[in-house]
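First, one chain by itself: the form predicted on its own, in structure tokens.
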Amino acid sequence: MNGHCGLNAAAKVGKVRQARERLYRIEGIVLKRQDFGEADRVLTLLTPDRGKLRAVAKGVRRTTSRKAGHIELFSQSHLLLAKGRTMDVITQAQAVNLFRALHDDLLRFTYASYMAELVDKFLEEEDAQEDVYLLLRGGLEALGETQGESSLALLTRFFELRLLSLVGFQPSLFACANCGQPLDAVDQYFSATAGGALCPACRTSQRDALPLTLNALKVLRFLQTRDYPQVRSLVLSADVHRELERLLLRYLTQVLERHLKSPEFLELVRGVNPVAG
């Protein structure tokens, strides 16, 4: 009898140990979410130590769900996950920062969607890049604190360039992307195909070369080599804002080899009015 009791106790201990091994804790930011089944939702998460991963939150769309308020879009949360056969399952969630300001303003929300989409498209699943996580978290925090459309646009240009540097696609801005010669302090050209700025002599080497004014080049260099506290005080003209946005979007599209959805919606949100200087 005692032997049977010992075997049962050992079996229970083994099951508890297996259950614990299936569980793991992470911190994550919700990049994307998609309804699944009748009440579930699949989340795409960015984590500092496990990279990007997908997990299912079961029953989260029910009004009685206690997890729902802690895993909203863009929320930064502490999560407990259980390993599953096809997808891991979120069993507990505790929000650290819900970034309420992003949900209360459509323009900020759209810029946040763009940042999240860029990160999602650049990173493969389980490719851990803590610097990208910190960049996104800082970007979302700054979006919530930034006032004015031109300041939001400037922050986004900084985010684009810093993300490109972190993932290995930093555009060439100090030397010609074609011949490698240092760029003079004059108007230049920009080629997404070549990977950056072109000197006037090399403009015909790339069919997609666009004019790059000296002012825009100086701003791009400043954004690429400074931290955001130094960048945020810049005041740019509407023309320079439009030039930077057009060039960087073309470059991002070239690198990703796909069109992004968020910029089109951002254009609708902003209407036909240009970014104010």
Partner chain sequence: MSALAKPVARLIDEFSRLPGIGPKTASRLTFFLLRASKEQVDALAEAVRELKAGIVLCRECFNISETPLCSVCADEQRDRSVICVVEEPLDVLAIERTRDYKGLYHVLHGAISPMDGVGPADLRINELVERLRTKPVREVILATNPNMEGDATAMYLARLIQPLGVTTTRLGRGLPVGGDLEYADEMTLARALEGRRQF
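Positions refer to the first chain, counted from 1. Source: prediction; values computed, not measured.
One more form of this protein should be noted, the form predicted in complex with its partner chain, which is absent from this view; the next part is about it.
Of the heavy atoms in residue 38, some are within 4.5 Å of its partner chain in the model of the complex. Its partner chain is not drawn, but in the model of the complex it has a heavy atom within 4.5 Å of residue 69. Residue contact with its partner chain in the model of the complex: residue 187 places no heavy atom within 4.5 Å of it.
Although the partner is absent here, residue 164 is not a contact residue: none of its heavy atoms lies within 4.5 angstroms of its partner chain in the model of the complex. In summary, among the residues 132, 155, 116, 123, the only one with a non-hydrogen atom within 4.5 Å of its partner chain in the model of the complex is 116. The partner is absent here, but in the model of the complex a heavy atom of 102, alone among 199, 136, 142, 102, sits within 4.5 Å of its partner chain.
For the three marked residues, 98, 261 and 265, a heavy atom of each sits within 4.5 Å of its partner chain in the model of the complex. Contact annotation: its partner chain lies within 4.5 Å of heavy atoms from the stretch 58-66 in the model of the complex, the single such stretch among 58-66, 245-253, 214-222, 231-239. Looking at 71-95, the residues that come within 4.5 Å of its partner chain in the model of the complex, counting any heavy atom, are 72, 73, 74.
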